[in-house]
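Below, in structure tokens: the form predicted alone, a single chain.
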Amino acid sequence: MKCKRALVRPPGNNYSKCLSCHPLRNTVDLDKARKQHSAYLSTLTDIGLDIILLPPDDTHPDACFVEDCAVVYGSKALITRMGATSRRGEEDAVEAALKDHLITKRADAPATVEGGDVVHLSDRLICGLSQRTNAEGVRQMSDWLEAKVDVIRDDAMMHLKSHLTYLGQETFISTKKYADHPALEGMKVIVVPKDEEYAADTLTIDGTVLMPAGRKESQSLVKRAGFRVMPVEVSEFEKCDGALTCLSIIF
């Protein structure tokens, strides 16, 4: 199905208080983050998406990472119950906006599930069982979305998409750690260099692969595999343990 829309939300005034283990966490530049976010929106618009722009949320520092608030599949959206308790409440505005386009349902306790753990394919989902998503979250997501869900379990990972994303054409890009996982059996897998593992989080929209700027070797690998690559600067989101997929809900 062709993507038509991107739901996004700019960083709020307290963005620098984001949840993060990144070594440069204390150097977050809010003005630069907002400029990078604006450029990200321009890229999505250039690709042909209509933008649903939510106002900044100054109550929740991580609220610009809207992907975690919902999982969309077909005509439905599961509004998530986030594993990071400080982020609960971000999903309210996202749910209100998605209700204009999709049938929504909320995940219920004791489920936890975040969109950053969910990789979309045309015929199934792959979900991380992680620090942020539990088995009950996977069950509720599968039941509501009526989707087959394969699982990659690693209690040490925050989000699966930090390690693995789908490019299309039966091709994944992955860190070495997950490249041979059974959930990827029969697929082509591009393995990113160890010093460019951040490049495993890509966003493919209608055949164009958005990749974080500066990871040139990974970009070359994806280009050689036959994909159109568009580098995007997201340094201020990387400092908050975020990436390209985190900043939008595409549907």
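We number the residues from 1 along the sequence you see. Just so you know, these numbers come straight off a predicted model, no measurement behind them.
Below, we refer to the form predicted together with a small molecule, which is not included among the displayed structures.
Student: Using a 4.5 Å heavy atom cut-off, state whether Met158 contacts the small molecule in the model of the complex.
Tutor: Heavy-atom contact with the small molecule at 4.5 Å: present for Met158.
Student: Should Gly137 be counted as a contact of the small molecule in the model of the complex, where contact means heavy atoms within 4.5 Å?
Tutor: Gly137 lies outside the contact set for the small molecule.
Student: Spell out, yes or no, whether the shortest heavy atom distance between Val234 and the small molecule in the model of the complex is within 4.5 Å.
Tutor: Because no heavy atom of Val234 falls inside 4.5 Å of the small molecule in the model of the complex, the answer is no.
Student: Flag Leu19 as yes or no: does it have a non-hydrogen atom within 4.5 angstroms of any non-hydrogen atom of the small molecule in the model of the complex?
Tutor: Residue-level check for Leu19: yes, a contact with the small molecule.
Student: Which single stretch, out of 178-186, 65-73, 211-219, 49-57, brings residue heavy atoms within 4.5 Å of the small molecule in the model of the complex?
Tutor: In short, 65-73.
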